[in-house]
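Below sits a lone chain in structure tokens, taken as the form predicted alone.
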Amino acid sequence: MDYYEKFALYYDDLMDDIDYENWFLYIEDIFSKFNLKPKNLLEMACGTGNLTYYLCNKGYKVTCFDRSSDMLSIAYNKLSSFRNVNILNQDMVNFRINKKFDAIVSICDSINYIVNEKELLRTFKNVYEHLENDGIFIFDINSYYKLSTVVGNNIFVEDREDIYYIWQNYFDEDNKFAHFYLTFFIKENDKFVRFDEEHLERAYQIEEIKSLLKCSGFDDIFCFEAFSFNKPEMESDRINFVAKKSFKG
């Protein structure tokens, strides 16, 4: 399923409630907590490059990729002033880069978009292979609670001056799939133009993620309520994971 086609043009406007600078600072807090000073970073599913911008601006050597060429075209423009970034068109499951990294990050519940458990295991193994010894993997997920209950089978509507959208959701209990059906009306040349998108996320329990990480080779695995170092609660919306690749002589 292809995501973020025409939506890519309006992604930054619609996601303006996400504080990417705060997300960047949280990642730096994780580096500090685990006594790491990474230099070479890989960002998976970088989208339009919002987090990438802060990583590059801090001076990290960043390689980033996304499967959506539409999102990447915006990222190219946003990151054009940096010389410490390499932007690639790849996907999380099958990416291949001829180098290893001190840290690999993925934000904004990109992992939930991998709805097949075997493909998620392949992703984690791929991440493990691309990490240096003592490297760290940082990512988050929309929690099972959020996808099944908060989003669940609910409908959300937002009316802005130039954008109106309806977000209808259906949660499939059997397959643990959250279906998002989005209808947008965008004002262009004094007329509203409609387009639709369908997104699919898989709801994972914390223990499912930990088990797949262990099967991929990670021994040191931690999870927190996102943007903190607190233990996740039953009703936590977002869970952050940290997995370290321990040196094995």
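Everything quoted here is computed from the prediction, not taken from an experiment. Position 1 is the first residue in the sequence shown; the rest follow in order.
What comes next is about the form predicted in complex with a small molecule, which does not appear here.
S.K.: Would you please decide whether Y11 lies within 4.5 angstroms of the small molecule in the predicted bound form, comparing each non-hydrogen atom pair?
M.R.: Judged by the heavy-atom cut-off of 4.5 Å, Y11 is in contact with the small molecule in the predicted bound form.
S.K.: Do A75 and the small molecule share at least one heavy atom pair within 4.5 Å in the predicted bound form?
M.R.: Result no; A75 lies far from the small molecule in the predicted bound form.
S.K.: Determine whether any heavy atom of Y145 comes within 4.5 Å of a heavy atom of the small molecule in the predicted bound form, and answer yes or no.
M.R.: No, Y145 sits far enough from the small molecule in the predicted bound form that none of its heavy atoms falls within 4.5 Å.
S.K.: Indicate whether I138 is a 4.5 Å heavy atom neighbour of the small molecule in the predicted bound form.
M.R.: So I138 does not count as contacting the small molecule.
S.K.: Can you pick out, from V151, C108, V85, L120, the residue that has a heavy atom within 4.5 Å of the small molecule in the predicted bound form?
M.R.: Here the answer is residue option C108.
S.K.: Find the only residue in Y26, F65, Y53, F184 having a heavy atom within 4.5 Å of the small molecule in the predicted bound form.
M.R.: Going through each option in turn, the one that passes is F65.
S.K.: Which is the contacting stretch out of 87 to 95, 155 to 163, 168 to 176, 124 to 132, given heavy atoms within 4.5 Å of the small molecule in the predicted bound form?
M.R.: That would be 87 to 95.
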